[in-house]
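Heads up, the chain below is alone and in the form predicted alone; it's given as structure tokens.
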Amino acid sequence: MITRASLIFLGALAAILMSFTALAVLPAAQLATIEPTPGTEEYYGPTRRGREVYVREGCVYCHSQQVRPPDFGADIERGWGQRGSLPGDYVYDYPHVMGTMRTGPDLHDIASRQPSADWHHAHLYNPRSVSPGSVMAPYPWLYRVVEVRGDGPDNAVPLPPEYAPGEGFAVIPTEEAEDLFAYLMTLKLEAVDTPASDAAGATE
């Protein structure tokens, strides 16, 4: 004989199972079918460590990694990417660092528009050294100031005199700074054929 308590228990259990299936199982199954877009690679070694530095230093709080398609915003007109971001761009991202704030520009295609290691290291050491008026915080703890002997270190960060440590000294990147730069160079959107791009091509 089924009691009222048993019916309530079975009803509650069914509701929990349905919610779990709808909110966890089905989305996970759907995401598992997404293929990486061309140029999207897993993170190993320096790029993996650099991504950890990116997360640790809180870059995601001011920079997004999601280029909106042409009909959703002006990201492409701003030069933030040649196409909108696609689900396959994030296949290897965990945790996701897509971000929501844009205190600084979107970085999903930063490797295309700024591939210079010298620029990135000067920018990270002190953003104002290459971007006057920038509100970005400096990250000097990712660099070391060393005394110059002979011709100086090959990896010295080129800085304007007002930001340099002084005569006889140079700024060099730590391994974490090099790893962070390696990670930033993975942020590059390769051109792919999408229904939207096909439609755009048909109107040209």
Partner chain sequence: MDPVHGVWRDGVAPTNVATWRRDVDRHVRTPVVAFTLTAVFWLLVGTTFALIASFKFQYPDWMGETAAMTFGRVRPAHLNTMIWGWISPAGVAIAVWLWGRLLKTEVRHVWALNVSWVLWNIGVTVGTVGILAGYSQGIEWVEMPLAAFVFLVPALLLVAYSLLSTLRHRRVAHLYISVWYIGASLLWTPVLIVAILLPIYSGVPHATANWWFAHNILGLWLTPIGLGAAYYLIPKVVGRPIYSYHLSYLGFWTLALFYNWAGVHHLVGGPPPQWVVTVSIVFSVMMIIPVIIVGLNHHMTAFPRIKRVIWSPTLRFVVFGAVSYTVVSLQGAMQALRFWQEVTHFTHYTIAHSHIGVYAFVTMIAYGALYYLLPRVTGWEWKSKRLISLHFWTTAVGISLYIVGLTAGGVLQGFLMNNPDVPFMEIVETMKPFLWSRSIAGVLMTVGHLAFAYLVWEIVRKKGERPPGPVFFRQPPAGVYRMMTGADPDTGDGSAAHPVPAP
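Numbering follows the first chain given and starts at 1. Note that the coordinates shown come from a computational prediction; the quantities given were computed from them, not determined experimentally.
There is another form of the same protein, the form predicted together with the partner chain; it is not shown, and what comes next is about it.
Residues with any non-hydrogen atom within 4.5 angstroms of the partner chain in the model of the complex fall in just one of 153-161, 35-43, 139-147, 166-174: 139-147. Put simply, residue 68 is close to the partner chain in the model of the complex: some heavy atom of it is within 4.5 Å. Residue 117 falls outside the set of residues with a heavy atom inside 4.5 Å of the partner chain in the model of the complex. The shortest heavy atom separation between residue 86 and the partner chain in the model of the complex is within 4.5 Å. The partner chain in the model of the complex comes within 4.5 Å of no heavy atom belonging to residue 82. In the model of the complex, the partner chain lies beyond 4.5 angstroms of every heavy atom of every residue of 151-175.
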